[in-house]
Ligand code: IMP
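Take a look at this single chain, the form predicted alone, given in structure tokens.
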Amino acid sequence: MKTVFASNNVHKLEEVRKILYPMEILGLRDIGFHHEIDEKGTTLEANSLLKAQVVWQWLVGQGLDTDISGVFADDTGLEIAALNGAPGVYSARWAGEPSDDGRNRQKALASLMGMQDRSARFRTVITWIDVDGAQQVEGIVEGRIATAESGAGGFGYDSLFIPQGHNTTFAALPATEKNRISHRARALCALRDTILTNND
């Protein structure tokens, strides 16, 4: 069976395919979905549900392929304690449109300049939709924001985020280690263990 991940983000797709291997994961381009999805939700839960619903309804409208078991979508936010949980659901476009990872990271560093409390967490919410309806799971990893960027791997805020129990950023960790402990990995494991195994 094939499963659709409602994303065109090549970095996310690579992570998801590694974590959920040997499942066959299709991205939006793989199914011919080329529409923009307006992520107008004000929470991670709302945006995750919105993306999954749009893609599921499109698939049904196309004549749902019986080889596709369902659709899942994620929304992820960096929640910085000293900034009252910002940027949160607005993480991807925190520094404005168009989305720019580098400008987002610089805004994070500037916003925390001189602050002692650099604690933060990454949170991922995944919505799964199939013929039986929708379910949600989440994954959280606690950590802190570094005082400067470090590491050449990862994407987004990875070069700033130091996960709890480590002394280096996500971007400086081997991909295998990041994929073991990250917020997205935890959410995907919850998806696999609580939802996908029940749909086999």
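The shown structure was predicted, so the numbers you read here are calculated from the model rather than taken from an experiment. All residue numbers refer to positions in the sequence shown, first residue = 1.
Beyond the structure shown, there is the form predicted in complex with this ligand, which is absent from this document and is the topic of what follows.
A.B. asks: Mark residue 86 yes when one of its heavy atoms lies within 4.5 Å of a heavy atom of this ligand in the predicted bound form, and no otherwise.
C.D. replies: Outside the cut-off, so no.
A.B. asks: Does the 4.5 Å heavy atom contact test between residue 157 and this ligand in the predicted bound form come out positive?
C.D. replies: Because a heavy atom of residue 157 falls inside 4.5 Å of this ligand in the predicted bound form, the answer is yes.
A.B. asks: Consider residue 101 of the chain shown here, and say whether it contacts this ligand in the predicted bound form, taking contact as heavy atoms within 4.5 Å.
C.D. replies: Taking the distances in the predicted bound form, the answer for residue 101 is yes, it comes within 4.5 Å of this ligand.
A.B. asks: Looking in the predicted bound form, any heavy atom of residue 127 within 4.5 Å of this ligand?
C.D. replies: Residue 127 lies outside the contact set for this ligand.
A.B. asks: So, a 4.5 angstroms cut-off on heavy atom distances: do all three of 12, 92 and 178 pass it with respect to this ligand in the predicted bound form?
C.D. replies: Yes, all three are in contact.
A.B. asks: Among 26-34, 131-139, 157-165, 61-69, mark the stretch whose residues have heavy atoms within 4.5 Å of this ligand in the predicted bound form.
C.D. replies: Looking at the partner contacts, the answer comes out as 157-165.
A.B. asks: Taking heavy atoms and a 4.5 Å limit, what residues of 65-83 are near this ligand in the predicted bound form?
C.D. replies: Sequence-ordered list: 74, 75, 76.
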